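A single chain, nothing else alongside it, follows as structure tokens in the form predicted on its own.
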């Protein structure tokens, strides 16, 4: 009997980890949307060769409309996140242009919410992806939601990207020494610019325990220091930011 029962999120992430195909990823994305109690949850992946697919809960009518209008060229979320390496609240993006405002109006008419939070993801060999949560609420409620769920959303983004990389054709074999989920969490937050105290607080662990995770990851990666450990983890696709 387990002393520490798995949380609902842990069970969903395990489900995602064992997803055999994109259809299974889609089913899990719907359950994750319900878990976070948001309007939409989406993962969009582009391989190094330019192939792309996604899963999520946007209305298929909106997805088809988006592609027909070639909104990829003007979407402030895509344009803004491609230039960033850290999670992005849509409120911080540039919506001032006429085309961007028209795009937002069209998106709202097609059922998207007025709030969004996207995690840019990068993998080996030029792979790029976005994990996005979208909802309709006021700014205060959205700030509370992000503060409460930031770490879990980053973790979900990582799991989606790891699964997508498994489906990428001609993917190189994974490194034999895999990082533990806690080591991934620690290095990911450090890569995002968190200080050690912030990382420990975010993960609800002591700084001593955090040092254990970091040193373990450093040993597995053959890194001489924490900076090199983070760099190696990113370059090998073990963490995504």
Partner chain sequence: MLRYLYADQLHIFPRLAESMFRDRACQFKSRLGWDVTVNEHGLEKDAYDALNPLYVIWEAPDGRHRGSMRFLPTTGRTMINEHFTDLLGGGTVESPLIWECTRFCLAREAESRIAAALMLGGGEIMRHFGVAHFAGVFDARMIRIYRMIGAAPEILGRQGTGRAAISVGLWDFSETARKVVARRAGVSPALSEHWFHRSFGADLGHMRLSA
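Residue numbers count along the first chain shown, from 1. Only the largest set of C-alpha atoms that superpose within 1.5 Å between the two forms is called the rigid core. From a predicted model like this one, the values you see are computed outputs, not experimental measurements.
What comes next is about the form predicted together with its partner chain, which is not displayed.
Taking the partner from elsewhere, residue 108 is found to have a heavy atom lying within 4.5 Å of its partner chain in the predicted bound form. Though the partner is left out of this view, residue 158 does reach within 4.5 Å of its partner chain in the predicted bound form, counting heavy atoms only. By the criterion of a heavy atom within 4.5 Å, residue 179 is counted among the residues contacting its partner chain in the predicted bound form. Residue 198 falls outside the set of residues with a heavy atom inside 4.5 Å of its partner chain in the predicted bound form.
Contact check at 4.5 Å (heavy atoms) against its partner chain in the predicted bound form: all three of 104, 150 and 220 pass. Note on contacts: among 46, 27, 203, 212, the single residue with a heavy atom within 4.5 Å of its partner chain in the predicted bound form is 212. Along 77-91, residues 83, 84, 85, 86, 87, 90, 91 each place a heavy atom within 4.5 Å of its partner chain in the predicted bound form. Put the two forms on the same core and the Cα of residue 224 is off by 2 Å or more between this form and the one not shown. Fitting the two forms on the rigid core leaves the C-alpha of residue 208 displaced by at least 2 angstroms between this form and the one not shown. Core-superposed comparison between this form and the one not shown: the C-alpha position of residue 38 differs by less than 2 Å. The gap between the Cα atoms of residue 151 and residue 211 is smaller in the predicted bound form, by no less than 3 Å, than in this form. Relative to the shown form, the CA atoms of residue 147 and residue 207 are pushed 3 Å or more farther apart in the predicted bound form.
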